[in-house]
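One chain comes next, on its own, written out as structure tokens in the form predicted alone.
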């Protein structure tokens, strides 16, 4: 098992079940589980809910996306400065549902460091993972797009892509932590991810769509213990 801090990152996406008051409720559950278990949990709520959630929970709140523009005369964009001012401590970048250009990823990682914001860069294969790791993000999250939102975890359907990504990233940097996602639903999936060398998971529907979100989160956290 890695000696690094293991994390569970929960992406709320724009699901109705995790927007507005429901987003606040889910964030509070995540915060309660983190305090009860000592686990490191990160939440990425819809953009309009960042400020409200960041003001009432102690766990890190991340944006789901930011645009590679500077503050000022730009309308309809979200800047790193915007999300930091709203209380976010970091951001996802290049999620498979919101891809951005390589040059933008590089610029945003550099600017995020300057603003003391953490970055989780999502990738879809080992080649992209290598390139992004060289840019120095805090995390690279490997997520095969075809498995996202599915019922089979990447750790079962394609464990090799996880282990290969870990090996590839380690050849580039010892400072970048590796997460995996797509189809992750329970503690067994998390445990497998850790065994494959990852330092945590990035997931969404497995928590957001769950009837008993507290129970699911507790199960997921149990997988961090190996």
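Treat the numbers as computed from the prediction; the structure is a model and nothing was measured. Positions refer to the first chain, counted from 1.
Beyond the structure shown, there is the form predicted together with another copy of the chain, which is absent from this document and is the topic of what follows.
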Looking at 181 to 189, 35 to 43, 159 to 167, 48 to 56, which one sits within 4.5 Å of another copy of the chain in the predicted bound form if you count heavy atoms only? 48 to 56
Partner proximity in the predicted bound form: residue 213 to another copy of the chain, non-hydrogen atom cutoff 4.5 Å: no
Is it the case that residue 94, even though its partner is missing from this view, gets within 4.5 Å of another copy of the chain in the predicted bound form, heavy atoms only? yes
Is residue 64 near another copy of the chain? Define near as a heavy atom within 4.5 Å, in the predicted bound form. yes
Report yes if any heavy atom of residue 111 sits within 4.5 Å of a heavy atom of another copy of the chain in the predicted bound form; otherwise report no. no
Among the candidates 154, 120, 83, 117, the residue which, in the predicted bound form, approaches another copy of the chain to within 4.5 Å (heavy atoms): 83
Stretch 97 to 119 - residues with a heavy atom within 4.5 Å of another copy of the chain in the predicted bound form: 97, 98, 99, 100, 101, 102, 103, 105, 106
